[in-house]
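The chain below stands alone and is given in C-alpha cells; this is the form predicted on its own.
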Amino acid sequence: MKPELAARGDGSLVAIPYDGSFSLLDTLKSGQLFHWESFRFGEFDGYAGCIGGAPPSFIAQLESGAVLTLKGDCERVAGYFGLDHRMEEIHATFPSNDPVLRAAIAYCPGIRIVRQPVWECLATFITSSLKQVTHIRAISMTLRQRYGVAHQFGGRTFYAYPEPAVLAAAGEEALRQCSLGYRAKSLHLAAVAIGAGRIDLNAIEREPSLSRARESLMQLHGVGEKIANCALLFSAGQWGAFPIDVWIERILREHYRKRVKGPKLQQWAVKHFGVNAGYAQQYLFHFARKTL
C-alpha cells in the first residue's frame, strides 16, 4: 500500500447504499461543484477531492449504478453528495401538472443537491459572478493551490479550500492576482467579516428560516439574493431556496410564459414549485443548459 493511502483507512472501497436515481457525472457537472478531479483508484475510474478540510475523498460510479468510496468515508461522502435524500418524497412535493419540470427530471433524474461546507460554497459563488464554469473552476483551483492546505493522495496533491482567516490575511490585491478581478474585494471583505466573527456561518447554517438566513448572508459585500440562495441551497440544506440566473429566467420566460422579473418572479417560483423548489431549480437549470 502506498504511504499516502495509509491515512485513508485500509485503502479498500465499499458501496454506498442509496434510493432512487443517482448520476455522479450529472451532479458533478450541474454547476454546484468546481474542484473534483478525475482520479483512478486501483481498477476504478472516479473522482477525488477534499470535502472541507478533510483529506481527499474518492467516489466512483459503476455502470450498474453502484457507488463506491473509501472504507470509513461512507457517511461523509453520502451526506456530501445527497445520497441519503429520499427522492420519491421530494418529487411528491412538486406540482403534479407541470410538463416542463417533468421533462427536466426525465432528462437528468440522477442529479442530487450537494451539501458543501458553507464557507467554501459561499466563497465559490462570490467568485462566480458573470463567469463561465471553466473560469469558476480555474479560480477555485488557483485559490486552493496558493492558500489551501495540501493533502497527498494516490501520488497526487489535492488542496482544501482556504479558510476565511487565510484569505483575509492575503489581502485584496493578492486575491486579484488569482484572476478574481472586481470579485476580489467581495471575497476579501467576506473573509474579513467571517474571520472576525461579525458573520456567524454556523448560526446561519442552523437557521431554520430561509429568509432570515438569506438576509444574514446578504449583509456581506457583493452577496445578493442569487449568491445567497446558491450558498444556502448547496451547503445549508435549504431546499426552498430558488436561485435565478439567466438560464432559469430563460426557461421560466420561454416555457412558463412568465414576464415578471426580480422579486415577483422569485415569489412565483417558490409558490409554484413548493417546499423543495431548489431541487426543481437544479433539474431545470441542468436541462436548460444542455438542451436550450
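Owing to the predicted nature of the structure, the values given are computational and were not obtained by experimental measurement. Start at 1 and count along the sequence shown; that's the residue number.
Just so you know, the form predicted in complex with the DNA exists too; it's not on screen, but the next bit is about it.
Contact with the DNA in the model of the complex holds for none of A15, G49 and S235, as no heavy atom of theirs lies within 4.5 Å. From the list 177-185, 160-168, 75-83, 100-108, the contact stretch for the DNA in the model of the complex under a 4.5 Å heavy atom rule is 177-185. G31 belongs to the set of residues with a heavy atom inside 4.5 Å of the DNA in the model of the complex. When contacts are judged by a 4.5 Å heavy atom cut-off, R206 does not count as touching the DNA in the model of the complex.
Heavy atoms of W119 never reach within 4.5 Å of the DNA in the model of the complex, leaving it off the interface. Interface residue remark: K71 is not counted as part of the site for the DNA in the model of the complex, having no heavy atom within 4.5 Å.
The partner is absent here; in the model of the complex, the one residue of A241, V67, I251, I227 having a heavy atom within 4.5 Å of the DNA is I227. Note on the partner interface in the model of the complex: the residue among N202, Q132, S96, S211 having a heavy atom within 4.5 angstroms of the DNA is Q132. Annotation for 263-292: interface residues with the DNA in the model of the complex are K264, F285, R289 [heavy atom within 4.5 Å].
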